[in-house]
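This document opens with one chain alone, in structure tokens, the form predicted on its own.
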């Protein structure tokens, strides 16, 4: 595999000596950063004004709505397009982008500029930057830490009459669930209940079929039930791990939660549908990525003390894990402005910029920010973010991830939403699907 070399690194290093670089080249006065269209992207636009002022480089942005983000940006990478100089791409893309030469390898740049991956949350380094996984080969800087967690109607939980009724029925306090079993009890308790003259429901969870939604939701639960992607001692050995008895129980639980406790018509829901259900007061519990929490906290209807946040609860054996989200920022190999793109990454990696990133609604992965004693109390959801990032796992980041994801989406949706077959059938089929993908890739 050959990768485009970064031009004039020595000269570039001299320009960086005083801090953030400005190239002074007439043909490199603007950069385009590509990402998804969501609230954190708007915050990054504001944050980047500091880079523009210090570098003299004008930042342009190409933001694509999440449902179209992967198709649009992967097509850009695969075609060798020159739209994007910087890409904040999903963690699952890292393997394909590295092996296909679409991202610039950043090891030499990191070494030269004193940027250490040990300064970032370990899970984000593995998830967003490394390929192969658990190897010191870096293709991105952790840019936005994210993880699936839960928000809940703290104000509903606190109502004395609901507290008394719940305790009489379940023999415990109506409180943040410690296990998925407790979570399901709470969801059933609120399902079709009347609160303030309105019928409400238990939980908004991921069920979307078209992109990655139901897989992110199902995996968020399966990890805590004991699912494993492969034999820990034999890569790509899937049988008995993907479809283990523990994984089957986890998938059965997810379907039970969908059947018992979701709002009407919640059969194709992902991030936006779940947040709409929660903000509109439809549900007591809300599964979603942590990026939604600042918006919830600021919301006129459910914000402030009306909402609380908690990490994924434990499965039957007491283990708790959560689905990793988030992205790293990479330099696109086809860019003709790699020096300025690297200058942006150097600027972005600075602790003071990372602190501002957190304050503006971005989720910094820099340890200096998240390990600050003031961090945990800086926002109502900050401690939950820390607790959640400590238990993350991630989907395949293989070059063939798209085929792996399509198989999971179909198997999970067919079983959970459409009610086809059993959980064991779905996972047996998924193990076969994935084995075929890896066989086609020459992994066996």
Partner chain sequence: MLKSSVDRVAEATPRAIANRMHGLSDRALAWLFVGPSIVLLLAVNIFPLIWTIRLSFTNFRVNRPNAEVEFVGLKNYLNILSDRDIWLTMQATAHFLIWTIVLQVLIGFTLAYLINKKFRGNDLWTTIIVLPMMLSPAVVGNFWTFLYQPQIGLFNYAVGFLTGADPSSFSMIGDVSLAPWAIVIVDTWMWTPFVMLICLAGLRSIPGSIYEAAECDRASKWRQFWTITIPLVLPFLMLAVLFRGIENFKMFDLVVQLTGGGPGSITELTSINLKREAFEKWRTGYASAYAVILFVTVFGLASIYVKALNKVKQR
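Numbering follows the first chain given and starts at 1. Please read these numbers as outputs of a predicted model, since none were measured by experiment.
Below, we turn to the form predicted in complex with its partner chain, even though it does not appear here.
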property	result
105, 255, 297, 209 - the one with a heavy atom within 4.5 Å of its partner chain in the predicted complex	209
Partner-contacting position among 264, 318, 136, 232 - heavy atom within 4.5 Å of its partner chain in the predicted complex	264
Triple contact flag 58, 345 and 379 to its partner chain in the predicted complex, non-hydrogen atom at 4.5 angstroms	no
Its partner chain contact in the predicted complex: residue 355, any heavy atom under 4.5 Å	no
Contact of residue 403 with its partner chain in the predicted complex (heavy atom, 4.5 Å)	yes
4.5 Å heavy atom contact, residue 334 and its partner chain in the predicted complex	no
Distance check, residue 394 to its partner chain in the predicted complex, heavy atom within 4.5 Å	no
Segment assignment from 66-74, 371-379, 50-58, 386-394: heavy atom within 4.5 Å of its partner chain in the predicted complex	66-74
Residues from 384-421 in contact with its partner chain (non-hydrogen atom within 4.5 Å) in the predicted complex	399, 400, 402, 403, 406, 410, 413, 414, 417, 418, 420
